[in-house]
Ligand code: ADP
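Shown here is one chain on its own, the form predicted on its own, set out as structure tokens.
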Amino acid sequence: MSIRDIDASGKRVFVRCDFNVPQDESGAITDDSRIVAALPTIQALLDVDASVILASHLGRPEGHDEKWTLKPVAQRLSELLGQEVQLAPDCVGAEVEEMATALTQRGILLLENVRFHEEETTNDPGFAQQLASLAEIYVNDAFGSAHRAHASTEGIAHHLPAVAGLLMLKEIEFLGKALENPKSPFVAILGGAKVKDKIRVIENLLPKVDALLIGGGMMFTFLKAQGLEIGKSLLDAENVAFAKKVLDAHLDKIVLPPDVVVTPVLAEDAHAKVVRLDQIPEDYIGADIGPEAQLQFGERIRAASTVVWNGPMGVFELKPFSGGTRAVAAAMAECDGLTVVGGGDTAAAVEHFGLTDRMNHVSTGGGASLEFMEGKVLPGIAALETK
């Protein structure tokens, strides 16, 4: 169920958002995309004259730490919504209860960082009850935190009518459609650093995909499994055997890059060169997929009906090693099929290349989207479904 299925008119609604936004050293928000992503749900509730109580975590504070205050978020929300968003001094307590009760229709109150209380991450029942007492309906719109069974993402759902927000609904619909009922050809692209972070994703995807394209640091563990020299490239030594087992069983589906970009040092002004897979020098680091791989990956992506991508193809933050990630993002932008980008570094890469709007869906959850791709049941979603 979602907010489309309930009557929130004139009621106090507790909305768990994901406002865990990046900030610079002065505390200024450097990327407000997670705040913008929550606006449709907030606006939909305001449109039916609900009073909206927003909650989120920010960072990993130990106790009340002003460094992690949500004050900058309240200011940005006020600008985006064109109305004042009050910031409560805490997320529980008598003063917060008074502010919640005093909220007028279409009023907005942002609770202070829920992780200022350790009871949030331990999912303390009493703390969850205190949060629930502030409202009449609970809405979870924080997909990025749905894999955590915390008080504001799971515990509170047992005390109030609990439904998904529009962003949560969108995440579930797009990721679910891509993974549970994909149109063929179904192409998955996996990158990032280590194989160990993607083992369950690989196991869950291989029975479903027509092709699994592997790049990023994790590709070198697969190359090692084939007995190839990888130089000083990243190696997940503990999972070479897993990579070999997967290659032996699914050689028809797994696509490794035919060439790679290597360098003696990872730096913006590094000397980079392209080599074949079996020609990586002993004293070089593999840092990106090569131009031939970019062409091959691009052809498969553009011809696909469903594409799911999680993990950059190289060290895209450095220009000499950004070509592979850029090529994959561009190919997805040109694909006529369903294109879904996992959160975290992959979402950051797509944003970096200015192609976010060209994807059908870019997930707001890093760890959550990864666990969803593993086929796991996410506690924050399960708590809503039980209602």
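So that there is no doubt, residue numbering starts at 1 and follows the sequence shown. Keep in mind it's a predicted model, so treat the numbers as computed, not measured.
The protein also exists as the form predicted in complex with the named molecule; that form is not presented, and the subsequent description refers to it.
Checked against the named molecule in the model of the complex, the candidates Leu223, Val315, Ile156, Val187 yield a single residue with a heavy atom inside 4.5 Å, and that residue is Val315.
Out of the listed residues Ala249, Ala149, Ile199, Ala193, Ala193 is the one that sits within 4.5 Å of the named molecule in the model of the complex by at least one heavy atom. Residues Met1, Ser145 and Gly165 are none of them found to lie within 4.5 Å of the named molecule in the model of the complex, as judged by heavy atom distances. Across the options 179-187, 223-231, 70-78, 304-312, residues that bring heavy atoms within 4.5 Å of the named molecule in the model of the complex belong to 304-312. Contact check for Gly323: every heavy atom lies farther than 4.5 Å from the named molecule in the model of the complex. Interface residue remark: Pro61 is not counted as part of the site for the named molecule in the model of the complex, having no heavy atom within 4.5 Å.
Not displayed here, the named molecule is approached by Gly286 to within 4.5 Å at the level of heavy atoms in the model of the complex.
Remark: Leu370 counts among the residues lining the named molecule in the model of the complex, judged by a heavy atom distance of 4.5 Å or less. Shown without its partner, the chain has no residue in segment 109-138 with a non-hydrogen atom within 4.5 angstroms of the named molecule in the model of the complex.
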